[in-house]
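One chain follows as structure tokens, the form predicted alone.
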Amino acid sequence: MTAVLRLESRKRVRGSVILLVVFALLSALYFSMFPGIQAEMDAFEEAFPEYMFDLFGIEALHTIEGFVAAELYAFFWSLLLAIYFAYVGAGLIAGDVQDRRMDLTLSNPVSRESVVLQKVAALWVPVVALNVGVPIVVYVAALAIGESFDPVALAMVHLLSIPYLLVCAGIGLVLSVFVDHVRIARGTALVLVFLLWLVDGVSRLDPDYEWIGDLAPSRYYDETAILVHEEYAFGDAGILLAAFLVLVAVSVVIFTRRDI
């Protein structure tokens, strides 16, 4: 009943470990820079146009919370990790279909619905590994340079990112069941997630068009508000979780009705 889940989970371990190591190295790099540039942060902020800060949601760079939110979470977490989840989601079904492994899987007593759900459930590996390992690294690195985070805010910036990352994976999943070629599915997922993130940022620059960003998943996850202002948007997380469930449901319906 759970053979697909166990197999897919094992496949996610290596990539999750690599990502965790990458984020650990990035954290060490940025935290080592902070003490040396903290005193010059006001001049740094004045050197850049205001729209750059609005575009990326940057605030309070002179504080460790604002600095890490801008340097680590606003780009590497909200964009690059989101793209990674979209990439993984886009390969869940299309990869097996293209390589004809799906025929072998479906020859066993397992439903198509179960295959999709078990493959999605295997995302628990990167979700848990990154959202447990990275905050520990960040917290310890802050202590190492004489700074500290509110542990609740740090935990929430990761907890509330889970629905956002799952939505990005769900976007990839829909493309995975709709497109036979895994490269096309993955490429489209990457571009779509990036464009949605960009639309969210650009729409913030003009109040008349800010509503357009409501279509982007990143609009409902604000790492700076969480870390700097300790604002926890549980309602937005609920919207993202509901969107993820809808994307999974759509994927299941498409996959059960299509020919392979």
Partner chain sequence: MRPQTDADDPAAETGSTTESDPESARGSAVISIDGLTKRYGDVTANDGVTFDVGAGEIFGYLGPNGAGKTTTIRLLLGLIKPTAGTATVLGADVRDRRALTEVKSDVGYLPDTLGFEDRLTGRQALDYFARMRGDERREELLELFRPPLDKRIETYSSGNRRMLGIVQAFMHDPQLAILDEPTSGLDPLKQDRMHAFLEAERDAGKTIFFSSHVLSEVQRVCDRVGIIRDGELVALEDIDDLLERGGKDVRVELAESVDEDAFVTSEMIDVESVEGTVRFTYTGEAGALLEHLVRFEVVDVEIGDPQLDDIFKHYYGDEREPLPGDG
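Numbering follows the first chain given and starts at 1. Values in this document were obtained by computation on a predicted structure and should not be read as measured data.
One more form of this protein exists, namely the form predicted together with its partner chain; it is left out here, but the text below deals with it.
If contact means any heavy atom within 4.5 Å, which of 178-186, 135-143, 100-108, 154-162 contacts its partner chain in the predicted bound form? Looking at the partner contacts, the answer comes out as 100-108.
Evaluate E113 for contact with its partner chain in the predicted bound form, applying a 4.5 angstroms cut-off between non-hydrogen atoms, and reply yes or no. The answer is yes: E113 has a heavy atom within 4.5 Å of its partner chain.
For 161-183: residues with a non-hydrogen atom within 4.5 angstroms of its partner chain in the predicted bound form? If the 4.5 Å heavy-atom criterion is applied to its partner chain in the predicted bound form, 161-183 yields nothing.
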